[in-house]
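Single chain ahead, by itself, as structure tokens, in the form predicted on its own.
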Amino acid sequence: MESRIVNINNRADIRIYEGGSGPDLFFLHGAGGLLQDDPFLVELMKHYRVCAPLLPGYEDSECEHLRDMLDFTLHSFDVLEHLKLTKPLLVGHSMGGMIAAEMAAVAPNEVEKLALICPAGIWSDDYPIPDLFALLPYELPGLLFHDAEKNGQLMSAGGDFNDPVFLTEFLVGNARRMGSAGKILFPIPDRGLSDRSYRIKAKTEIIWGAQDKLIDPHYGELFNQAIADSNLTLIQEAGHMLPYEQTEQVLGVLSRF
């Protein structure tokens, strides 16, 4: 997997992770960003030519012009255009799924294949989503993973939250990430997508971890009802970090395209 910084319209310097061969796939990450040597991207690259931009505020991606959901959506189209990708398979996880769905709603003729993995973007008072911005680092693995004991260290790349030096570095980086994510996720991750989802024309696969404790699988049904040409797959023994806990099953769903 390679990475580089690209300048987008003299407005943003964005780090892109890319690699692999095959059909084009454009991946939008969740609020936590990409993992170190991201294992899901590594597996995707065995089947696709993957381009995965980091949003501003993540690692060394920078842009001062993103203020709201429309800005994030148009920025993602700008990155697509810069990379000369035409109607790739658009895949988004969590917050990235929220952005991907907005892209498909705002420009329905530009997105033909859409995969939403545990996406944010719709709110139900019956299934409130925990406030990520109020959680302590050690609380995250149990919320994000079905098997936190087995997979929780993926979040910290093996670091120890009990180590003051590591914890300080993590908190500084996480504050920067959450500062960017908060523009579209705080106070609740809803910017009106449910009112625009009728515009989505893309063939859509919705993929959810059956044990997701962050965004309840009930939201999968809401997305499936909201998008005309969609199919919902629930995957067992997986939480919100579904792509990392059940990678092969997620790839199996993507192969339907």
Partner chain sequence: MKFTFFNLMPWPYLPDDFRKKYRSVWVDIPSTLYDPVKGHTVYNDYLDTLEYAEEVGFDGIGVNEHHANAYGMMPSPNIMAATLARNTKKAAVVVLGNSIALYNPPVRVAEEFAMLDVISGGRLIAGFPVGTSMDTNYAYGQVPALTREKYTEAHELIIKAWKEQEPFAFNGRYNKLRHVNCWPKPVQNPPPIYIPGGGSLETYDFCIENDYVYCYLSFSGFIRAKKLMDGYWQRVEEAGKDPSPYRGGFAQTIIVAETDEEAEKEYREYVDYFYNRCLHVYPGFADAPGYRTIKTLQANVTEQMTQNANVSKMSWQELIDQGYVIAGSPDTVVEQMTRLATTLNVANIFCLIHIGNMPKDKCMRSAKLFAEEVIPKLRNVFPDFADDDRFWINPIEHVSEATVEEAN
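Positions refer to the first chain, counted from 1. Being a predicted model, the structure only gives us computed values, none of them experimental.
The form predicted together with the partner chain is left out here; the points below concern that form.
Three-residue candidate spot 131, 175 and 182; every residue lies within 4.5 angstroms of the partner chain in the predicted complex by at least one non-hydrogen atom. Taking the partner from elsewhere, residue 191 is found to have a heavy atom lying within 4.5 Å of the partner chain in the predicted complex. Taking the partner from elsewhere, residue 139 is found to have a heavy atom lying within 4.5 Å of the partner chain in the predicted complex. By the criterion of a heavy atom within 4.5 Å, residue 47 is excluded from the residues contacting the partner chain in the predicted complex. The partner chain in the predicted complex comes within 4.5 Å of a heavy atom belonging to residue 186. Residues with any non-hydrogen atom within 4.5 angstroms of the partner chain in the predicted complex fall in just one of 131-139, 98-106, 145-153, 79-87: 131-139. Along 50-84, one residue reaches a heavy atom to within 4.5 Å of the partner chain in the predicted complex: 67.
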